[in-house]
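Let's start with one chain on its own, the form predicted on its own, as structure tokens.
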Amino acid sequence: MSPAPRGPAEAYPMLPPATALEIVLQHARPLEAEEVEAADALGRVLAADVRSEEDYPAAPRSSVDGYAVRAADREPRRRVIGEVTAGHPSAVEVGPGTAQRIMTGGVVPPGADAVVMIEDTRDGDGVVELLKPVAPGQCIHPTGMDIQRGQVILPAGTAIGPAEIGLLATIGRVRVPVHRRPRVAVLSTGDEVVEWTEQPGPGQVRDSNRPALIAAVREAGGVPISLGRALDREEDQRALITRGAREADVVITSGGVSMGARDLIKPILAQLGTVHVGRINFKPGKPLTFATIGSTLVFGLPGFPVSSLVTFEVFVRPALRALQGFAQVTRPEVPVVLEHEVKPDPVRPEYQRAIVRVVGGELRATTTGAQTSSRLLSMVGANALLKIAPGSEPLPAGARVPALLIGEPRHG
């Protein structure tokens, strides 16, 4: 096979982050449906409406502990002719001058059309006296009050949480159609990269990107596939990317996306498919590349560990969420107050790693220290990415900036 074509960086326009993300999401359509056990559907997204085949409750039920009676009967004293407990309906009919003791959740017996709270009665010697007037339907949950037969209880696109699983259990829905989880192949590149279980030699580094990205894929709901690592040889990288495109819905590579002689990812992707994004006006991660090979999405992430994880958060994670059918695919963006001075990049928007705390009802942010692309410690403990616009002057303490919350804010 002939070498992959190469070209100058200018062949790829410098796109704003929002434009690049929009292009990515245009190609990230929900995957096909599969059926799973409802009990195992936590975190999945429904691919079709779920309807109830029954009314709930299926029969009128008492909402209180008390006495089932006929509302039209004006006699305040009633003879108690039975008792109804939850799960044990009574076949005895309530007639004029009679009542049945009933527990919360009990099916209202035939002939009764109201329930009187036990607090509004006085009983003894098999007789109950009603101390207040009675209205039809009083203290009764009618048939279909909660759910009606044929009603859509969970529409397509619903993210399934504990309440949704409880609702599925209520209607006896054992299996549900959900969008398939994306298979995501992860590849590290570089002659200098060795497995993280190995002792690096001179000039070598342990591969931290692949384990971190595999963990990030899992957190985003994907199913990771490790492609291992490839040396800076075109045939090796092409073969593994081709394999990933064949086996997975998404391929993620790290390293080799700049324009050096050993940066092979862009030209390989240009040969195998279509490069849609080649450069982003963004720090850290300007050379991030997005391409498609057939229907497979391919992300070429930078090799520096921080650049790799930040670009995953901003561009790859939303795509993985979109493939699963989530309506909300991006992290929440909120305004925060800087606790200290922050220096912006003079040219590019920068996503600085930070810790956001709730202080006095306000979200306040402190960066995690030096923001260099190689310093993975700047990601450890971070729960936000501050969106710092380019500028020549530092932002003072007290300034407000937007932030992507990648974790829960701390308190205090």
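Because the structure is a prediction, the values reported are computed rather than measured. One rule holds for the numbers: they count along the sequence shown, beginning at 1.
What follows is about the form predicted in complex with a small molecule, which we do not show.
**Student:** Would residue 149 sit within 4.5 Å of the small molecule in the model of the complex, counting heavy atoms only?
**Tutor:** Close contact is absent here: in the model of the complex, residue 149 is far from the small molecule, nothing within 4.5 Å, heavy atoms only.
**Student:** Please check if residue 311 has a heavy atom lying within 4.5 Å of any heavy atom of the small molecule in the model of the complex.
**Tutor:** Residue 311: no, not in contact with the small molecule in the model of the complex.
**Student:** Quick one: does residue 207 come within 4.5 Å of the small molecule in the model of the complex, counting heavy atoms only?
**Tutor:** Residue-level check for residue 207: yes, a contact with the small molecule.
**Student:** So, in the model of the complex, is residue 330 in contact with the small molecule at a 4.5 angstroms heavy atom limit?
**Tutor:** Output for residue 330 is no: heavy atoms all beyond 4.5 Å of the small molecule.
**Student:** Could you tell me which stretch in 295 to 303, 122 to 130, 153 to 161, 312 to 320 has residues with non-hydrogen atoms within 4.5 Å of the small molecule in the model of the complex?
**Tutor:** Among the candidates, contact is made by 295 to 303.
**Student:** Which one, 285, 222, 256, 106, lies within 4.5 Å of the small molecule in the model of the complex by heavy atoms?
**Tutor:** Of 285, 222, 256, 106, the residue with a heavy atom within 4.5 Å of the small molecule in the model of the complex is 256.
**Student:** Using a 4.5 Å heavy atom cut-off, which residue among 167, 272, 227, 193 comes into contact with the small molecule in the model of the complex?
**Tutor:** Exactly one residue meets the criterion: 193.
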